[in-house]
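So this first bit is one chain, no partners, the form predicted on its own, shown in structure tokens.
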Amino acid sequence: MDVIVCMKQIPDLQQIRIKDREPILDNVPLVWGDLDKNAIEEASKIKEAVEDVKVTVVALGSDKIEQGILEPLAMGADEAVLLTDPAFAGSDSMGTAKVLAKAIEKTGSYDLVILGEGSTDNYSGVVASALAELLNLPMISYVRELEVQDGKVKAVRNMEESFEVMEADLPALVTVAQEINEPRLPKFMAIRKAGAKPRHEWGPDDLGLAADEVGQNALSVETLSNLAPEQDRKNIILKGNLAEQIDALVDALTKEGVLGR
């Protein structure tokens, strides 16, 4: 059984600074999204529970992925496909799905494709749906429990006010929610062994994609602006003892309409 996990490196959101309402991404380290880690963890759990399972990570991003890929390999993946060609840079959701679909098809065999329900940075949730359509696969989204058995995938799906139990024949695509598991921290020996696992780097030519089908040349969505919310600081300083500060705070919040009179 072949399991494909699609992963994406994103800027560390804790280290992004905002200036003039625009994010400053210079020198911000790249990390794997939280939901991507849930996806690779679930694939590793399937590998431990089912015989003869191979897990392949397909990662799209910059050349910095080459070091970061050690983490999912140490978490249980058997090999990795790195899509780091500069031509892929700036892809929108549809462009990303097209590149991933070509890469997955080139792996030769896939029974189950797993993604996080959305990337931690954009969280559009579009890539998985587009990918399922391009690969002609049934899709189950927002999965919080997953079981693979007898050529089928059975999932419990989180619908906020209720849960749905769904089943699909393999091959299939699923997106996982954060509740599905707790990603493991790779042990030292697993990290050392990860360095020897196979890694493949594929560009547009390897995937049979023309220059006008990838990256900035194939954008179907135009981003007009990406600004942080405006923040109006009141610069109110509370003075006096604790009781006086509390009274002043309550008075200030009442004047702002946060508290009722």
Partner chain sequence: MSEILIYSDNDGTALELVSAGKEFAEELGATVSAALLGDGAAGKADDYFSYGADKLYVSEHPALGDFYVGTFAAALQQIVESGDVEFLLIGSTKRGKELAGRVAQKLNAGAITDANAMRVRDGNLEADRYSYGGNTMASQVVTTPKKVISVMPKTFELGPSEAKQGEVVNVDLDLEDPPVKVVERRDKAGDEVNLEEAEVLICVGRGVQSQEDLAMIEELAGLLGAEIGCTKTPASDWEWFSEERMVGLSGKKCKPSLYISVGISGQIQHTVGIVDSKIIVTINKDENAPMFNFTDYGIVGDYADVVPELNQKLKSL
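Bear in mind the structure is a predicted one, so any value in this text is a computation, not a measurement. Throughout, rigid core stands for the largest set of C-alpha atoms superposing within 1.5 Å between the two forms. Residue numbers count along the first chain shown, from 1.
As for the form predicted together with the partner chain, it is not shown, yet the points below apply to it.
Of the listed positions (140, 80, 146, 104), a single one reaches within 4.5 angstroms of the partner chain by any non-hydrogen atom in the predicted bound form, namely 140. Using a 4.5 angstroms threshold between heavy atoms, residue 84 stays clear of the partner chain in the predicted bound form. By the criterion of a heavy atom within 4.5 Å, residue 132 is counted among the residues contacting the partner chain in the predicted bound form. Not displayed here, the partner chain is kept clear of residue 109 by more than 4.5 Å at the level of heavy atoms in the predicted bound form. The shortest heavy atom separation between residue 165 and the partner chain in the predicted bound form is within 4.5 Å. Taking the partner chain as it sits in the predicted bound form, the stretch 194-224 comes within 4.5 angstroms of it through a non-hydrogen atom at 219, 220, 221, 222, 223, 224. The Cα shift for residue 252 between this form and the one not shown, taken after rigid core superposition, is 2 angstroms or larger.
In this overlay on the rigid core, residue 19 has a C-alpha that sits less than 2 Å away from its partner position between this form and the one not shown.
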